[in-house]
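In the C-alpha coordinates that follow, a single protein chain appears in two forms: structure 1, then structure 2.
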Structure 1
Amino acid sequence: MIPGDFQPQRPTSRQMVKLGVLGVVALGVFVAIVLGLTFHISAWLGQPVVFARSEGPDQPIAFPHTTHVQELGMDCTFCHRNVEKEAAASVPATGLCMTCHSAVGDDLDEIEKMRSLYEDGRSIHWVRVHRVPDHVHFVHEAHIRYFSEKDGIEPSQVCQTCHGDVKEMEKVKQVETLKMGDCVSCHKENSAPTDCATCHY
(Lines of atoms letter the chains of each structure in order from A and count residues from 1; the text may use other names and numbers.)
(Lines give C-alpha, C1' and ligand atoms only; values in the text may rest on other atoms or scores of the structure.)
Protein backbone atom coordinates (compact mmCIF):
# COMPACT_ATOMS: atom_id res chain seq x y z
CA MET A 1 0.00 0.00 0.00
CA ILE A 2 1.23 3.44 -0.92
CA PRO A 3 1.46 5.76 2.10
CA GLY A 4 -1.50 8.13 2.23
CA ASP A 5 -3.95 5.78 0.43
CA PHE A 6 -7.38 5.70 2.08
CA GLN A 7 -8.37 2.29 3.33
CA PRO A 8 -12.07 2.15 4.36
CA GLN A 9 -12.70 0.09 7.44
CA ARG A 10 -15.15 -2.70 7.05
CA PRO A 11 -18.08 -2.28 9.49
CA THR A 12 -18.36 -4.83 12.24
CA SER A 13 -21.34 -7.18 12.37
CA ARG A 14 -22.70 -5.19 15.33
CA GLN A 15 -22.60 -1.98 13.28
CA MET A 16 -24.33 -3.76 10.39
CA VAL A 17 -27.17 -4.86 12.69
CA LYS A 18 -27.55 -1.30 14.01
CA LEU A 19 -27.63 0.11 10.46
CA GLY A 20 -30.19 -2.53 9.43
CA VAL A 21 -32.50 -1.71 12.37
CA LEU A 22 -32.10 2.03 11.71
CA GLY A 23 -32.95 1.47 8.03
CA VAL A 24 -36.11 -0.50 8.87
CA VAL A 25 -37.25 2.16 11.37
CA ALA A 26 -36.56 4.95 8.85
CA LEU A 27 -38.51 3.06 6.16
CA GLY A 28 -41.44 2.59 8.57
CA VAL A 29 -41.47 6.30 9.42
CA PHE A 30 -41.31 7.21 5.72
CA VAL A 31 -44.24 4.88 4.87
CA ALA A 32 -46.30 6.29 7.78
CA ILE A 33 -45.65 9.86 6.61
CA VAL A 34 -46.62 9.00 3.02
CA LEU A 35 -49.83 7.26 4.17
CA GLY A 36 -50.69 10.16 6.48
CA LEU A 37 -50.13 12.77 3.77
CA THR A 38 -52.08 10.72 1.23
CA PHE A 39 -54.99 10.39 3.66
CA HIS A 40 -55.08 14.09 4.57
CA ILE A 41 -54.59 15.45 1.07
CA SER A 42 -57.17 13.09 -0.46
CA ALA A 43 -59.60 13.79 2.42
CA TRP A 44 -59.21 17.50 1.75
CA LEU A 45 -59.89 17.08 -1.97
CA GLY A 46 -62.59 14.43 -1.68
CA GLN A 47 -63.11 11.13 0.10
CA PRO A 48 -59.93 9.67 1.63
CA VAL A 49 -58.23 7.10 -0.62
CA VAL A 50 -56.42 5.48 2.31
CA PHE A 51 -58.57 3.68 4.86
CA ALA A 52 -61.74 4.81 3.04
CA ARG A 53 -64.71 2.51 3.52
CA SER A 54 -66.68 1.34 0.54
CA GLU A 55 -69.71 0.82 2.77
CA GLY A 56 -71.15 2.55 5.79
CA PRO A 57 -70.12 1.80 9.37
CA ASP A 58 -71.69 -0.96 11.43
CA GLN A 59 -74.35 0.43 13.73
CA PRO A 60 -75.09 -0.86 17.25
CA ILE A 61 -78.53 -1.91 15.97
CA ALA A 62 -78.67 -2.88 12.31
CA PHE A 63 -81.34 -0.63 10.80
CA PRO A 64 -82.19 -1.64 7.22
CA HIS A 65 -83.57 1.44 5.49
CA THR A 66 -84.58 -0.85 2.63
CA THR A 67 -87.11 -2.60 4.89
CA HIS A 68 -88.45 0.48 6.62
CA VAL A 69 -88.60 2.87 3.66
CA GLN A 70 -89.08 0.66 0.58
CA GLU A 71 -91.21 -2.11 2.02
CA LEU A 72 -93.11 -0.24 4.75
CA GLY A 73 -93.19 3.18 3.09
CA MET A 74 -91.92 5.12 6.09
CA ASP A 75 -90.82 8.70 5.47
CA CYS A 76 -87.44 10.10 6.57
CA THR A 77 -89.18 12.64 8.79
CA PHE A 78 -90.82 9.94 10.92
CA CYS A 79 -87.49 8.96 12.47
CA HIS A 80 -85.50 12.14 11.81
CA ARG A 81 -88.09 14.30 13.52
CA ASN A 82 -86.25 17.62 13.74
CA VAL A 83 -85.18 17.89 10.10
CA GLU A 84 -88.00 20.28 9.20
CA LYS A 85 -87.74 22.37 12.39
CA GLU A 86 -84.15 22.59 13.57
CA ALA A 87 -80.52 22.68 12.49
CA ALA A 88 -79.86 19.00 13.22
CA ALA A 89 -81.95 16.22 11.71
CA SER A 90 -81.71 14.13 14.92
CA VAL A 91 -81.53 10.36 15.11
CA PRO A 92 -84.30 8.25 16.64
CA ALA A 93 -84.34 7.53 20.35
CA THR A 94 -84.98 4.01 21.59
CA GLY A 95 -88.47 5.02 22.70
CA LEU A 96 -89.41 6.04 19.16
CA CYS A 97 -88.30 2.68 17.80
CA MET A 98 -90.38 0.99 20.49
CA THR A 99 -93.48 2.74 19.15
CA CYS A 100 -93.63 -0.06 16.59
CA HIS A 101 -91.24 -2.65 17.96
CA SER A 102 -93.01 -3.22 21.25
CA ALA A 103 -95.39 -5.30 19.12
CA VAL A 104 -93.48 -5.96 15.88
CA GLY A 105 -90.32 -7.97 15.25
CA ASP A 106 -90.44 -10.77 17.80
CA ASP A 107 -87.56 -13.26 17.56
CA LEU A 108 -85.37 -10.92 15.47
CA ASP A 109 -81.94 -10.57 17.11
CA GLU A 110 -81.56 -6.84 16.41
CA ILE A 111 -85.06 -6.08 17.74
CA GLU A 112 -84.38 -8.10 20.90
CA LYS A 113 -81.12 -6.18 21.36
CA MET A 114 -83.02 -2.90 21.04
CA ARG A 115 -85.76 -4.00 23.43
CA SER A 116 -83.10 -4.94 25.96
CA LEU A 117 -81.58 -1.45 25.71
CA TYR A 118 -85.02 0.11 26.16
CA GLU A 119 -85.85 -2.03 29.21
CA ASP A 120 -82.51 -1.05 30.79
CA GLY A 121 -83.20 2.64 30.10
CA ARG A 122 -80.18 2.92 27.80
CA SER A 123 -79.87 4.81 24.52
CA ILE A 124 -78.78 3.49 21.16
CA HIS A 125 -75.37 5.00 20.46
CA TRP A 126 -75.69 5.39 16.70
CA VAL A 127 -72.43 5.78 14.78
CA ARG A 128 -72.30 9.07 12.90
CA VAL A 129 -72.08 8.68 9.12
CA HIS A 130 -72.25 12.25 7.76
CA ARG A 131 -70.21 15.05 9.27
CA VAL A 132 -69.11 18.52 8.30
CA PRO A 133 -66.19 20.17 10.13
CA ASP A 134 -66.95 21.65 13.55
CA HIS A 135 -66.44 25.20 12.26
CA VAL A 136 -69.24 24.74 9.70
CA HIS A 137 -72.91 25.30 10.57
CA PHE A 138 -75.37 23.43 8.38
CA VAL A 139 -79.02 24.10 9.13
CA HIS A 140 -81.25 21.28 7.86
CA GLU A 141 -84.50 23.19 8.37
CA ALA A 142 -83.51 26.04 6.03
CA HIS A 143 -82.43 23.68 3.24
CA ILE A 144 -85.51 21.46 3.55
CA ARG A 145 -87.82 24.49 3.54
CA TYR A 146 -86.10 26.15 0.56
CA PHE A 147 -86.11 23.12 -1.74
CA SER A 148 -89.57 21.95 -0.66
CA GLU A 149 -91.04 25.36 -1.51
CA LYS A 150 -88.94 25.95 -4.62
CA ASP A 151 -89.34 22.53 -6.24
CA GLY A 152 -92.56 21.43 -4.52
CA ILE A 153 -91.03 18.14 -3.38
CA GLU A 154 -91.21 16.15 -0.16
CA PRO A 155 -88.51 16.61 2.50
CA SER A 156 -87.30 13.03 1.95
CA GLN A 157 -86.50 13.90 -1.67
CA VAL A 158 -84.54 16.96 -0.54
CA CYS A 159 -82.49 14.73 1.78
CA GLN A 160 -81.25 12.74 -1.23
CA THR A 161 -79.35 15.79 -2.50
CA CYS A 162 -76.64 15.33 0.14
CA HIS A 163 -77.33 11.87 1.58
CA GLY A 164 -77.96 9.91 -1.60
CA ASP A 165 -80.75 7.38 -2.08
CA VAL A 166 -80.78 6.10 1.50
CA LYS A 167 -83.86 3.95 0.93
CA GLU A 168 -81.70 1.71 -1.27
CA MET A 169 -78.99 1.30 1.40
CA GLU A 170 -78.84 -1.68 3.71
CA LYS A 171 -76.17 0.23 5.65
CA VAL A 172 -76.07 4.03 5.30
CA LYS A 173 -72.85 5.37 3.81
CA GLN A 174 -71.61 8.79 2.80
CA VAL A 175 -71.98 9.31 -0.96
CA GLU A 176 -71.13 13.01 -1.26
CA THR A 177 -67.84 14.51 -0.11
CA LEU A 178 -69.64 17.32 1.77
CA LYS A 179 -66.70 19.62 1.09
CA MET A 180 -66.86 23.40 0.92
CA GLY A 181 -66.76 23.34 -2.90
CA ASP A 182 -69.95 21.26 -3.00
CA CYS A 183 -71.76 23.73 -0.75
CA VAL A 184 -70.51 26.83 -2.59
CA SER A 185 -71.46 25.34 -5.98
CA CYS A 186 -74.97 24.50 -4.74
CA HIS A 187 -75.38 27.98 -3.25
CA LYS A 188 -74.33 29.58 -6.53
CA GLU A 189 -76.72 27.39 -8.54
CA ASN A 190 -79.59 28.36 -6.25
CA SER A 191 -78.73 32.07 -5.81
CA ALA A 192 -78.01 31.56 -2.10
CA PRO A 193 -75.45 33.71 -0.26
CA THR A 194 -71.83 32.64 -0.58
CA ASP A 195 -70.17 34.96 1.94
CA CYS A 196 -68.20 33.25 4.72
CA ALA A 197 -70.61 34.21 7.51
CA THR A 198 -73.37 32.12 5.90
CA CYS A 199 -71.83 28.89 7.19
CA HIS A 200 -68.95 30.01 9.44
CA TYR A 201 -70.28 31.86 12.48
Structure 2
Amino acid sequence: MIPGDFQPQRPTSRQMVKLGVLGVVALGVFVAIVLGLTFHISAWLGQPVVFARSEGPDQPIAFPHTTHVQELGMDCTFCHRNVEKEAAASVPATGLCMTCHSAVGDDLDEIEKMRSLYEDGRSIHWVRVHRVPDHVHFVHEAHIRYFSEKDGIEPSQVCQTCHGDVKEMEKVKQVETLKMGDCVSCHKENSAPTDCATCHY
Protein backbone atom coordinates (compact mmCIF):
# COMPACT_ATOMS: atom_id res chain seq x y z
CA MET A 1 0.00 0.00 0.00
CA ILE A 2 1.24 3.49 -0.85
CA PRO A 3 1.10 5.81 2.18
CA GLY A 4 -1.81 8.22 1.74
CA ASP A 5 -3.57 5.98 -0.73
CA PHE A 6 -6.99 5.61 0.83
CA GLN A 7 -9.19 2.89 -0.50
CA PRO A 8 -12.76 3.31 0.74
CA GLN A 9 -14.30 0.07 1.76
CA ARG A 10 -17.21 -1.07 -0.32
CA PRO A 11 -20.24 -1.18 1.91
CA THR A 12 -21.65 -4.53 2.72
CA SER A 13 -25.23 -5.30 1.74
CA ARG A 14 -26.16 -5.10 5.42
CA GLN A 15 -24.81 -1.60 5.60
CA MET A 16 -26.61 -0.69 2.41
CA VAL A 17 -29.89 -1.82 3.86
CA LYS A 18 -29.30 0.05 7.07
CA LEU A 19 -28.42 3.20 5.16
CA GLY A 20 -31.45 2.82 2.94
CA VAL A 21 -33.80 2.46 5.87
CA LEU A 22 -32.15 5.34 7.64
CA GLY A 23 -32.52 7.45 4.52
CA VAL A 24 -36.19 6.71 4.20
CA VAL A 25 -36.81 7.37 7.87
CA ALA A 26 -34.88 10.58 7.71
CA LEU A 27 -36.82 11.67 4.68
CA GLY A 28 -40.03 10.90 6.49
CA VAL A 29 -38.99 12.82 9.54
CA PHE A 30 -37.86 15.73 7.42
CA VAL A 31 -41.16 15.87 5.55
CA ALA A 32 -43.05 15.64 8.80
CA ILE A 33 -41.03 18.47 10.31
CA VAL A 34 -41.45 20.66 7.25
CA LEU A 35 -45.19 20.04 7.15
CA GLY A 36 -45.55 20.55 10.86
CA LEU A 37 -43.57 23.75 10.81
CA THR A 38 -45.47 25.06 7.81
CA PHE A 39 -48.75 24.27 9.48
CA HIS A 40 -47.88 25.89 12.75
CA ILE A 41 -46.19 28.89 11.24
CA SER A 42 -49.06 29.58 8.87
CA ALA A 43 -51.54 29.12 11.69
CA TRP A 44 -49.76 31.81 13.62
CA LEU A 45 -48.98 34.00 10.62
CA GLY A 46 -52.32 35.73 11.02
CA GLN A 47 -51.67 36.51 14.63
CA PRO A 48 -50.79 40.14 15.00
CA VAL A 49 -49.81 39.59 18.59
CA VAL A 50 -47.07 37.13 17.75
CA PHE A 51 -45.61 39.09 14.91
CA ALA A 52 -46.26 42.25 16.89
CA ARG A 53 -47.85 44.38 14.24
CA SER A 54 -47.85 47.00 16.86
CA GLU A 55 -49.96 49.38 14.89
CA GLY A 56 -53.01 47.61 13.57
CA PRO A 57 -54.20 47.76 9.96
CA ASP A 58 -54.84 50.94 8.01
CA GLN A 59 -58.49 51.74 7.68
CA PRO A 60 -60.17 53.48 4.74
CA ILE A 61 -61.18 56.28 7.09
CA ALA A 62 -58.63 56.90 9.83
CA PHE A 63 -61.14 56.87 12.66
CA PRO A 64 -59.39 57.69 15.97
CA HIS A 65 -60.93 56.02 19.00
CA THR A 66 -58.66 58.20 21.14
CA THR A 67 -60.48 61.38 20.14
CA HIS A 68 -63.94 59.99 20.43
CA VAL A 69 -63.61 57.85 23.56
CA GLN A 70 -60.98 59.64 25.62
CA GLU A 71 -61.54 63.24 24.68
CA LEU A 72 -65.26 63.18 24.00
CA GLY A 73 -66.07 60.48 26.51
CA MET A 74 -68.29 58.47 24.18
CA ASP A 75 -69.44 55.05 25.33
CA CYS A 76 -68.49 51.92 23.32
CA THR A 77 -72.14 51.03 23.05
CA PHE A 78 -73.05 54.41 21.55
CA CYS A 79 -71.68 53.23 18.23
CA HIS A 80 -71.39 49.50 18.65
CA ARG A 81 -75.04 49.26 19.50
CA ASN A 82 -75.70 45.68 18.77
CA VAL A 83 -73.36 44.36 21.41
CA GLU A 84 -76.07 44.16 24.05
CA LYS A 85 -78.55 42.51 21.75
CA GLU A 86 -77.01 40.10 19.32
CA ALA A 87 -73.96 38.08 18.40
CA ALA A 88 -72.02 40.75 16.52
CA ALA A 89 -71.01 44.03 18.12
CA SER A 90 -71.66 45.70 14.78
CA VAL A 91 -69.99 48.55 13.03
CA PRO A 92 -72.28 51.59 13.05
CA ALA A 93 -73.95 52.97 9.97
CA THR A 94 -72.35 55.99 8.34
CA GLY A 95 -75.57 57.75 9.10
CA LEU A 96 -74.71 57.60 12.80
CA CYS A 97 -71.40 59.38 12.18
CA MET A 98 -73.22 62.00 10.20
CA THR A 99 -75.48 62.91 13.10
CA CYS A 100 -72.53 64.87 14.43
CA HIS A 101 -70.26 65.14 11.45
CA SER A 102 -72.78 66.75 9.17
CA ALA A 103 -71.93 69.83 11.19
CA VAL A 104 -68.67 69.06 12.96
CA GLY A 105 -65.16 68.67 11.57
CA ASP A 106 -65.31 70.59 8.31
CA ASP A 107 -61.58 71.07 8.23
CA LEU A 108 -60.57 67.43 8.40
CA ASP A 109 -59.79 65.35 5.29
CA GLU A 110 -61.00 62.09 6.76
CA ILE A 111 -64.39 63.58 7.56
CA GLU A 112 -64.66 64.90 4.01
CA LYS A 113 -63.89 61.42 2.74
CA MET A 114 -66.58 59.98 4.94
CA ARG A 115 -69.13 62.61 3.94
CA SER A 116 -68.62 62.01 0.25
CA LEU A 117 -69.00 58.28 0.70
CA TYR A 118 -72.22 58.89 2.61
CA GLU A 119 -73.60 61.22 -0.02
CA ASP A 120 -72.80 58.76 -2.78
CA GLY A 121 -74.56 56.04 -0.83
CA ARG A 122 -71.42 53.91 -0.65
CA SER A 123 -70.38 51.96 2.41
CA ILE A 124 -67.05 52.22 4.12
CA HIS A 125 -65.01 49.03 3.71
CA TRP A 126 -63.55 48.75 7.18
CA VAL A 127 -60.67 46.29 7.51
CA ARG A 128 -61.65 43.66 10.05
CA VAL A 129 -59.36 43.52 13.05
CA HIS A 130 -60.93 40.82 15.17
CA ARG A 131 -62.06 37.65 13.49
CA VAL A 132 -62.95 34.16 14.64
CA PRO A 133 -63.43 31.34 12.11
CA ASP A 134 -66.83 30.59 10.59
CA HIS A 135 -67.33 27.50 12.71
CA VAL A 136 -67.31 29.56 15.89
CA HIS A 137 -70.60 31.20 16.82
CA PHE A 138 -69.46 33.77 19.32
CA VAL A 139 -72.20 35.83 20.86
CA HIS A 140 -71.27 39.21 22.28
CA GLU A 141 -74.55 39.76 24.04
CA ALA A 142 -74.28 36.82 26.39
CA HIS A 143 -70.80 37.83 27.47
CA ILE A 144 -71.64 41.48 28.01
CA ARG A 145 -74.68 40.50 30.01
CA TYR A 146 -72.76 38.01 32.11
CA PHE A 147 -69.84 40.26 32.99
CA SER A 148 -71.85 43.37 33.59
CA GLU A 149 -74.14 41.44 35.92
CA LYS A 150 -71.40 39.56 37.70
CA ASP A 151 -68.96 42.41 38.20
CA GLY A 152 -71.60 45.08 38.40
CA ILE A 153 -69.89 47.09 35.70
CA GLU A 154 -71.05 49.02 32.69
CA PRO A 155 -71.19 47.04 29.47
CA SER A 156 -68.51 49.25 27.94
CA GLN A 157 -66.04 48.17 30.57
CA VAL A 158 -66.38 44.55 29.55
CA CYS A 159 -65.05 45.21 26.07
CA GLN A 160 -61.45 45.63 27.15
CA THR A 161 -61.27 42.07 28.44
CA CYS A 162 -60.80 40.85 24.89
CA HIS A 163 -60.25 44.00 22.88
CA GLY A 164 -57.74 45.69 25.13
CA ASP A 165 -57.64 49.38 25.89
CA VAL A 166 -59.22 50.61 22.67
CA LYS A 167 -59.41 54.20 23.88
CA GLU A 168 -55.62 54.37 23.78
CA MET A 169 -55.46 53.16 20.19
CA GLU A 170 -55.07 55.56 17.31
CA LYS A 171 -55.51 52.57 15.08
CA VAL A 172 -57.34 49.59 16.49
CA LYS A 173 -55.14 46.54 16.82
CA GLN A 174 -55.70 43.09 18.11
CA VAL A 175 -54.08 42.47 21.47
CA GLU A 176 -55.41 39.06 22.44
CA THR A 177 -54.87 36.00 20.27
CA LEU A 178 -58.57 35.05 20.57
CA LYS A 179 -57.61 31.42 20.26
CA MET A 180 -59.90 28.79 21.64
CA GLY A 181 -57.63 28.25 24.61
CA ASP A 182 -58.41 31.75 25.83
CA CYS A 183 -62.14 31.15 25.51
CA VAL A 184 -62.06 27.81 27.30
CA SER A 185 -59.93 28.99 30.21
CA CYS A 186 -62.15 31.98 30.79
CA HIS A 187 -65.21 29.74 30.59
CA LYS A 188 -63.72 27.37 33.10
CA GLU A 189 -62.85 30.17 35.48
CA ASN A 190 -66.38 31.52 35.34
CA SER A 191 -68.25 28.20 35.42
CA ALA A 192 -69.66 28.86 31.98
CA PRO A 193 -70.57 25.90 29.77
CA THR A 194 -67.61 24.13 28.19
CA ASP A 195 -69.89 22.01 26.04
CA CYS A 196 -68.61 22.07 22.46
CA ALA A 197 -72.11 22.74 21.16
CA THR A 198 -72.18 26.00 23.04
CA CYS A 199 -70.24 27.65 20.21
CA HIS A 200 -69.67 25.01 17.56
CA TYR A 201 -72.85 24.10 15.65
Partner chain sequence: MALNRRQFLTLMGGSAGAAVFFQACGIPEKELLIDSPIEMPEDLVTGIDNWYATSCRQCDTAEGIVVRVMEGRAKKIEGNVDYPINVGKHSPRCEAGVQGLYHPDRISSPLVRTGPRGSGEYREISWEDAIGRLTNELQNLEASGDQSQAVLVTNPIGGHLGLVADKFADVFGARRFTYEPLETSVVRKALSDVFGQNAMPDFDIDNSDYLLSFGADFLSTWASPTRYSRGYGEFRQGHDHRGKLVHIDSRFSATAANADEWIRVNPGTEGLFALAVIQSIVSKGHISDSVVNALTGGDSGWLSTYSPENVSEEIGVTPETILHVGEDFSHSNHALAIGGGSAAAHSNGYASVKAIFSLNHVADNVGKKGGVILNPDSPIGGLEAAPSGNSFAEFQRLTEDMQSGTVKVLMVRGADLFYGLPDTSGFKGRSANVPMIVSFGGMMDDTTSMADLILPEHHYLEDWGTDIPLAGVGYELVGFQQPVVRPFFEDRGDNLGTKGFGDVLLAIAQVMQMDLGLNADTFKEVIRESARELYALRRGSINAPTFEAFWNGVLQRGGWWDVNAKGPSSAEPDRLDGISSPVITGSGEFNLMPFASASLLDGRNASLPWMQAMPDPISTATWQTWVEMNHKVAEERGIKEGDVVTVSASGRSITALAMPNPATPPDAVSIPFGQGHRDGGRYSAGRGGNLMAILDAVHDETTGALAWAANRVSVTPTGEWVRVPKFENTVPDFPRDEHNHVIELTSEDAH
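One-based numbering along structure 1's sequence throughout. Please read these numbers as outputs of a predicted model, since none were measured by experiment. For the two forms, the rigid core is made up of the largest set of C-alpha atoms that agree within 1.5 Å on superposition.
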For this session: Looking at the two shown chains, say which is the form predicted alone.
Result: 1
Exercise. With both forms fit on the core, has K18 moved 2 Å or more by CA between structure 1 and structure 2?
Worked result: yes
